[in-house]
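Single chain ahead, by itself, as structure tokens, in the form predicted alone.
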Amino acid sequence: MRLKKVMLVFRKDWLEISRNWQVILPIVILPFIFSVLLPILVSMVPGSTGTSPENLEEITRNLPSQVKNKLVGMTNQQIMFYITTLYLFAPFFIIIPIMAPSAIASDSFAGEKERRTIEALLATPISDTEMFLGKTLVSFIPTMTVTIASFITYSAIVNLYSTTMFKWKPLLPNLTWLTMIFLLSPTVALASIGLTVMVSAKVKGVREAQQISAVLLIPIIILVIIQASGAVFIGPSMITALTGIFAAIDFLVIYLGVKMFRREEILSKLA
């Protein structure tokens, strides 16, 4: 495998994608909602509506003791802001590495077929492995760039409110968020992208390839619900364990993706 050839595929695809707002907008809109609108909303709601002691008890009941200890002496508004921004919203940032690259990854091969440019691509002197990895990389790099930028933006907005609410004490970044963004997110993104690119090479159109992203969202949505209910606490140890699981999935997905990618098969279907 030649890295130079992989980067050639990356640059060629990125030049096309960067001019297509239908592909770029989904990468921007979802992170904007999670990183800007959510923290602003939660900073406004507790102060305006108030939270009853009964609701707070229900929310904090299943939190770990080390988290409960940090809540001692806080007002209702402080507790709601602290729990929501640091814990309840955390799983939403695992949705970004799945949803953000779906448009690019789906377009990788299926889009080439729809635009009738796949024959020229497959005729280039690039190996199947280099082509598959190049298509994967063109989704992975923008996805992680957007994910990290969203985390920085989210942290800045949360800290803007928390420094006033908690006497100039910033809440982010902390160990949970750092491990989630820099360990778990890349492995989740790679699994999502690899599967979508694999499907994109097999199907005829972009819409069919995009369906895989909806399937991948199911376990993450379940995780969001479980975290919100307080049944499970997503901390550094759980994130590390999930990272190991997804790293194994990544290896399997890339291995199978390269093995299953056959340009002769694609060309025969186009004939």
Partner chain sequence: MSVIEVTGLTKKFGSLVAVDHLDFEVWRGEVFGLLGPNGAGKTTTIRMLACLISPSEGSARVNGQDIVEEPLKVRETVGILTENPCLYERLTAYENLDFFAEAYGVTDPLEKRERIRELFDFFGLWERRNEKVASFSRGMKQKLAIARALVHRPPILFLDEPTAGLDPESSKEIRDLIERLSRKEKCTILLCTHRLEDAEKLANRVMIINKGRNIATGSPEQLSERITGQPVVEVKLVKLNRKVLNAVKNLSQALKVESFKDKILITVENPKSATPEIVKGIVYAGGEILTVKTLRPSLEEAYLKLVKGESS
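Residue numbers count along the first chain shown, from 1. As the structure is a computational prediction, the values presented were derived from the model and not from experiment.
Quick note: we don't show the form predicted together with the partner chain, though the next part is all about it.
Considering the partner chain in the predicted complex, find the one stretch among 142-150, 79-87, 118-126, 178-186 with heavy atoms no farther than 4.5 Å from it.
Heavy-atom contact with the partner occurs in 118-126.
Check Lys259 for me: does it contact the partner chain in the predicted complex (non-hydrogen atoms, 4.5 angstroms)?
Contact with the partner chain, no.
Against the partner chain in the predicted complex, would Leu15 count as a contact residue? Criterion: heavy atoms within 4.5 Å.
Within the cut-off, so yes.
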